[in-house]
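To begin, one chain is listed below as structure tokens, in the form predicted alone.
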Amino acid sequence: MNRLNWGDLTPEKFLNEYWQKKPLLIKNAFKDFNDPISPDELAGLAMEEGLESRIISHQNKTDWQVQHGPFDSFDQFGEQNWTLLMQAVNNFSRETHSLLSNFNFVPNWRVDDIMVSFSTPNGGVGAHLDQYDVFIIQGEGKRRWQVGLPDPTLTELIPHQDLKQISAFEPFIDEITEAGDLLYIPPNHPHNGVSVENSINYSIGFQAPNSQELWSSFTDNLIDQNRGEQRFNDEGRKLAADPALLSPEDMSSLKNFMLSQLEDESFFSEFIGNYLTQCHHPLEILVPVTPFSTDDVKQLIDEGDVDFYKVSGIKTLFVNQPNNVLHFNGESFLLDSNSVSAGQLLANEACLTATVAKSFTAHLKKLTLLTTLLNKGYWYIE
């Protein structure tokens, strides 16, 4: 298991001094780092339909090209100047997903995915900006990283229609990373990574919804549930001094009328829990051909020779205010007082042994919840 060694830092100190403030490089953060996926396995994923992969290549640091997968082979790219990038590898590699446990000082809902890149010598994507936080773990090989500070004078370059880069910047960090090194880059900090030799990087990206996305999804949800059909009411209105004037009082009343839906804690809680657990990348969900019954699941648990696994990369949240609700992949499951502990287990754990799962047989609603999630393909038996 790859475990993060903070050295003189702590997660608390990191959040106070670095998170969304300034970049950081921790050398040898993972002692004896073991790559959770090999270049051959990564290439195999890039050959599959429906998964998000691309190869970025260049010649003499110009003539940038972007090709999207799936790929039949990689021979045509040669031995240098290209990078394979594969989104959401944690959704298809349990071992890769396990890296996320090192970053649980940030809540799960902020995590997007783990992108894995394999780069040949001089391979990279060019200098660019990201709008989100990212941790980059260096796997096998070496890579030169340059990271700068925010600079409003930087200009955007588009050497290819599918590739955004930026002009040259002054590096704040300029280091060669080796296996087990950890780099943190806050949003809007220019950076550029160039592979020194064949190398693998693991980029843990974080999602940060913008206001427009939240409002758009909220209003869509409002319409879907017919929660916005109530009309504005102005009982008790005073005589208008000027009928053409939109008064400050009316402005405030209309604003409060619109905000009243946000103040409905139960409605907003369900919306935001479902919104934040929607996955933006493909998942390996296999719905059973024949649905399980609660008796089937109980029998499997009682026999004690199977373990239960959560689909790798699936997003889950447990919300305890104003109600106890388990959110799974954009769906919500209301929990009664007897099934709260089960909901917490299902939200937090990646695996339930048959011994741990025995606690689900003590209460029908716990067992029903586990059975429902198995039938949706969110959990599976192995």
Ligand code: SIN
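Because the structure is predicted, anything quoted here is derived from the model rather than measured. In case it trips you up, residue 1 is the first one in the sequence shown, and so on.
As for the form predicted in complex with this ligand, it is not shown, yet the points below apply to it.
Heavy atoms within 4.5 Å of this ligand in the model of the complex are found in exactly one of 199 to 207, 147 to 155, 259 to 267, 297 to 305, that being 199 to 207. For the options V125, C279, L100, L222, the residue carrying a heavy atom within 4.5 angstroms of this ligand in the model of the complex is V125.
Taking a 4.5 Å heavy atom cutoff to this ligand in the model of the complex, the contact residue among L182, A88, L85, V311 is L85. Contact with this ligand in the model of the complex holds for all three of M115, D130 and R143, each having a heavy atom within 4.5 Å.
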